[in-house]
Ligand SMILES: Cc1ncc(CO)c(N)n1
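What follows is one chain in structure tokens, specifically the form predicted alone.
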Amino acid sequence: MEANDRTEMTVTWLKKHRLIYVGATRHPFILSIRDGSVDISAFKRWLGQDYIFVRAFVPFAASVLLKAWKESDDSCDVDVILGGIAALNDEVEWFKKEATKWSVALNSVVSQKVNLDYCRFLESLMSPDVDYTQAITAFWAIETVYQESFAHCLEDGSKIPDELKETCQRWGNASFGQYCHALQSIADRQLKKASDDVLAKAEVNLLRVLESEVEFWNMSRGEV
């Protein structure tokens, strides 16, 4: 594919894979939060499992930062990614606080297979064999699914339970949305100049992220 045909490659891919993208960002678990019908046991399951995932996401994010420092031709990339990493400490602390609120014992939560597989996928992306373009595309996709999902919960007409509004605000807020757009711009810039081989691998990784997110939501609802 010629570079000229790769303008906003991420948008092209999300249109191409719209069905799975909608499945990830408008999942019944998310819709149940939005309409107030969420099963609290499902929310607690998600809380414990996502805490484990975020702990695995931290070293992955650090690896993306390192790849940006080594491979990016724009020093601003490091600043954008670093901003996201800085927020992860607050995120981990938020999970601990929420777990206390909901009486979820994080130290006794056992990672389910879906979560283990997703975390292993993150670890595979940390390999030196995976270049910056592939890593930043996956990084953008992971962040964007949460932003799109929880932003939908905050749209007009929602009936979010009061005790879950903070959860939706954490990922659905406009500032996090701007961060995701910044990551998307970086990914698009990298994809535009990537080889066909890297482009193909990045698309496969994007699909893996979307599929893993759907499975994660399914797991939260006790469906796997």
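All residue numbers refer to positions in the sequence shown, first residue = 1. Owing to the predicted nature of the structure, the values given are computational and were not obtained by experimental measurement.
Below, we refer to the form predicted together with the ligand, which is not included among the displayed structures.
Residue stretch of 154 to 162, 50 to 58, 30 to 38, 184 to 192 approaching the ligand in the model of the complex, non-hydrogen atom distance within 4.5 Å
Single hit among the candidates: 50 to 58.
4.5 angstroms heavy atom contact with the ligand in the model of the complex for residue 121:
Taking the distances in the model of the complex, the answer for residue 121 is no, it never comes within 4.5 Å of the ligand.
Does the ligand get within 4.5 angstroms of any non-hydrogen atom of residue 71 in the model of the complex?
Residue-level check for residue 71: no, no contact with the ligand.
Does the ligand get within 4.5 angstroms of any non-hydrogen atom of residue 91 in the model of the complex?
Residue-level check for residue 91: yes, a contact with the ligand.
Whether residue 143 contacts the ligand in the model of the complex should be assessed with a 4.5 Å heavy atom distance threshold; does it?
Residue-level check for residue 143: yes, a contact with the ligand.
Considering only 197 to 224, what residues come within 4.5 Å of the ligand in the model of the complex, judged by heavy atoms?
213, 216 sit within 4.5 Å of the partner.
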